[in-house]
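Take a look at this single chain, the form predicted on its own, given in structure tokens.
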Amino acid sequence: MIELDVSLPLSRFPLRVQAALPSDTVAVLGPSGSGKTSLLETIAGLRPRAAGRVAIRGEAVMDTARGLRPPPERRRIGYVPQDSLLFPHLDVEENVRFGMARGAATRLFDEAVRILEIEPLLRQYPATLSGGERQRVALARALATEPRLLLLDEPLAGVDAALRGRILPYLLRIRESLAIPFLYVTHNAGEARAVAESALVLRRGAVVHAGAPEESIAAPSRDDPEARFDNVLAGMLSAGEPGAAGVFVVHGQRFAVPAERAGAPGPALYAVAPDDVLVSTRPLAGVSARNVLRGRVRSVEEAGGTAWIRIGAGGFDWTARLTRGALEELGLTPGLDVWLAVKTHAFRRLR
């Protein structure tokens, strides 16, 4: 459990966050300037004017009412900002070892290197690394300090969609293999669903929702133009015929996925962009798309010239992005029965 009861005066509004989140993995969402980074800096001890209490699994990290305000280096909190902030004059191994306590167990370093698969990079310098590699090194450096909490401030913001897809599985490994609690700031609702068990939504320094990711990010925010709403599905991949489409099963629903990206059978994670979810108000027949589902519109949200449609179908809530013109032409409203079509090649495997 992560308990937050903190306040911080900011130039445009006060940050006031009070929430008791029942899980150890929390996505923090909201438009730019809503206080997400300030919250992480408060928890990390980088905001001297902050007050209140932060507790991780019942252990107080900060409690100013009791005089508990340790400096950042004594909080045992790993912080990974948007810019990885690696030391340019140190190679990767030296960067990862930099934050480790003297005499710290070698296993911490070895485990971080193994989970994030950076052993081939250990003798390289930051200037020679790609954006995704730098973020993996920054994550490894944070893990090697044996933190009781990880703070991840949009760690994938500076990388393209392909790199995000490759790094996301590493975040899942951290959650599953090391069981380290973390707060993960993101504008991508799909990532939030995949990575976190709870979500905290901020607007102008205040909590507007705290709870399950599906509830917190049910509809895109009108005032968050940076928001992304990829559909991220977790399920089981079955063995298919050589050269044929793979079979991906989610909540009993079978999906055809690209054979060349299918890989070995077992647990798998796929992403589908909202632009690749086609919506019809009539039953679909004679279409080339292999994945056709019947569903029901749950919500419709308009932002500028874009319409975000949340549709329950096949045991999953899909997000489709349409133009306002398409929305008006189809007459989509909550409660309407619709049919979805998703091409096989729209499924992009993340792990």
Partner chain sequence: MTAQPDLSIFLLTLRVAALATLFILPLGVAAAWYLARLGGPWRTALETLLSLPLVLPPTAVGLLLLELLRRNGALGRLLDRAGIEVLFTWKAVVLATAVMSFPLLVRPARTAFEEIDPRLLAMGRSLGGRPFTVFRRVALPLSWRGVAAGTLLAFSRALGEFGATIMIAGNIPGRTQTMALAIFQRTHIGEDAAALRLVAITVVVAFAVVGASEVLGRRRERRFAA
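Owing to the predicted nature of the structure, the values given are computational and were not obtained by experimental measurement. Numbering follows the first chain given and starts at 1.
Another form, the form predicted in complex with the partner chain, is not on view; read the next lines as being about it.
Contact check for P274, G312 and L330: none of the three has a heavy atom within 4.5 Å of the partner chain in the model of the complex. When the partner chain is considered in the model of the complex, only one residue from G99, P258, P181, G132 comes within 4.5 Å through any heavy atom, namely G99. In summary, among the residues D317, E41, D63, E301, the only one with a non-hydrogen atom within 4.5 Å of the partner chain in the model of the complex is E41. Note that among 172 to 180, 200 to 208, 185 to 193, 86 to 94, the stretch whose heavy atoms approach the partner chain to within 4.5 Å in the model of the complex is 86 to 94.
At least one heavy atom of L46 is located within 4.5 Å of the partner chain in the model of the complex. Using a 4.5 angstroms threshold between heavy atoms, T145 counts as touching the partner chain in the model of the complex. Of the heavy atoms in Y79, some are within 4.5 Å of the partner chain in the model of the complex.
Heavy atoms of V249 never reach within 4.5 Å of the partner chain in the model of the complex, leaving it off the interface.
The partner is not shown here, but in the model of the complex the stretch 53 to 77 reaches within 4.5 angstroms of the partner chain through a heavy atom at P71, P72, E73, I77.
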